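Just one chain follows, in the form predicted alone, and it is written as structure tokens.
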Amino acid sequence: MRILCFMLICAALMNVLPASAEDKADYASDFSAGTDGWYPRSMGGASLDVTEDGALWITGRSADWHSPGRDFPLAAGESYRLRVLVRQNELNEARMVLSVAHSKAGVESYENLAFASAKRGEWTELAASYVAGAFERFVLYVETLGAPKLDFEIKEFTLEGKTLSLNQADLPSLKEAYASYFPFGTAVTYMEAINRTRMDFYASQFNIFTPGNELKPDSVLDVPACQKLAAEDETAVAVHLFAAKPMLDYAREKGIPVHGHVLVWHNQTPEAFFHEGYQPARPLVSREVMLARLENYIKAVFEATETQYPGLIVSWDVVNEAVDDGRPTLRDSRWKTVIGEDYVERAFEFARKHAPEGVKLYYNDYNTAYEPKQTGIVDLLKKLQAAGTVDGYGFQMHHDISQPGYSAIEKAFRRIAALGLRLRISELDVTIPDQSEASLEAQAKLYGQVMKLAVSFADQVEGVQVWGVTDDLSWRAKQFPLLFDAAFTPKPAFRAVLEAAGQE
């Protein structure tokens, strides 16, 4: 049955426990009984003492990195707020740094999180926000910059963070609601993918993923390796999947298909790609060299993904956002400058030639509801259709409750659908000016209308994907565009999307 009972949905939403976040990682230094787990990071010369006013004092330093440090059990992919006060009494002014040392498989690496200048005798604050990476150990510490022998004190070190503890057992599932229509998915970034708890929640709601940035050219093109190859062959290309690996690994483990995004884009593409020797300071390559690089890049990406993750990526955005805003023509870009007006057609030609069997190829764009861009998109799709190189169109629906308006969205959707292509709502979010009840309900209304439109074309729609899960991690976070708030509590828009699945 395609009818999902609205009363049952509402009851489930009323009874569900909102996702919670436990303060497992919160910490405030307390040196009343000793050093509280802090130790001197050095080659053996530095030492720590607790002062009478409750501070931690380090002496005997001989290098800037010699510091008071402490291990913290941080969770990969979670965000933390850090603060500490520092004081020194030897120099007129000293540069102080709050840093983290993290390690994995025995290899240690470092990040500087906050800097401050501490004047003699004054307590100075170091503060930062930090998203923990995929490491096995984290050590937070305070060091100096250019004052290797300076003695100093720290106090009031605090760490505030949330380790997710989600309870969504009774929450209706979007993927189940749309199971008889089409896959319902989301975009996933690297920092989300390394957090197992978050990903398990995503898997309970969505049954197709797409990487937010991690398969874009700036994450995939291995520029140093390309530079070495170019000494022998200017058309040679090297790629890697390092950034996408956490998401792809999880998707493979759970059997969740992936929509690839994106092979060719004017943005987030290394400038070096277009220059001789892959050196941005050198001249642009010829059209012939760039066409060969384009084909070799597309071939290499397909080979890498299919070899390492066979059958996982079921479709690709081959070209993204090629049509200009305000004109029915291609936008100016490096691709257009170096190759020419036919670069989109050639990209699809190469993609069709090298794509694994059964993988669908899409053109993806935004502002489809606006003219004259809409006509430019239609004209481009007709060219690609005539060549037999495109399977579908991806609607980037990054909308606002006030524009472009549902009637314009529907008209554009129907016009593209009339071409007979497969359709995706590839990047769906709806912004609002505030979190008032009126704004949240207006957001829910537009989400519901878009989803009912997709359901009405279910035989042609390959899938719908929201561009993120929780408002706080959205690229439009200040405008609260998604289905869940930062605490994973479902918003009225979540309810509206479920309602739309109950349409006959």
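Because the structure is a prediction, the values reported are computed rather than measured. The first residue of the shown sequence is 1; numbering continues from there.
Missing here is the form predicted in complex with a small molecule; even so, the following discussion is about that form.
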property	result
Contact check for 186, 424 and 452 against the small molecule in the predicted complex, heavy atom at 4.5 Å	no
Listed range touching the small molecule, judged in the predicted complex by heavy atoms within 4.5 Å, from 432 to 440, 467 to 475, 43 to 51, 452 to 460	467 to 475
Non-hydrogen atom contact residue 205 with the small molecule in the predicted complex at 4.5 angstroms	no
Heavy atom of residue 172 within 4.5 Å of the small molecule in the predicted complex	no
4.5 Å heavy atom contact, residue 321 and the small molecule in the predicted complex	yes
The small molecule contact at residue 398 in the predicted complex, heavy atom, 4.5 Å	yes
Listed residue (265, 123, 72, 309) with a non-hydrogen atom within 4.5 angstroms of the small molecule in the predicted complex	265
Proximity to the small molecule in the predicted complex, single hit among 213, 329, 227, 79 (heavy atom within 4.5 Å)	213
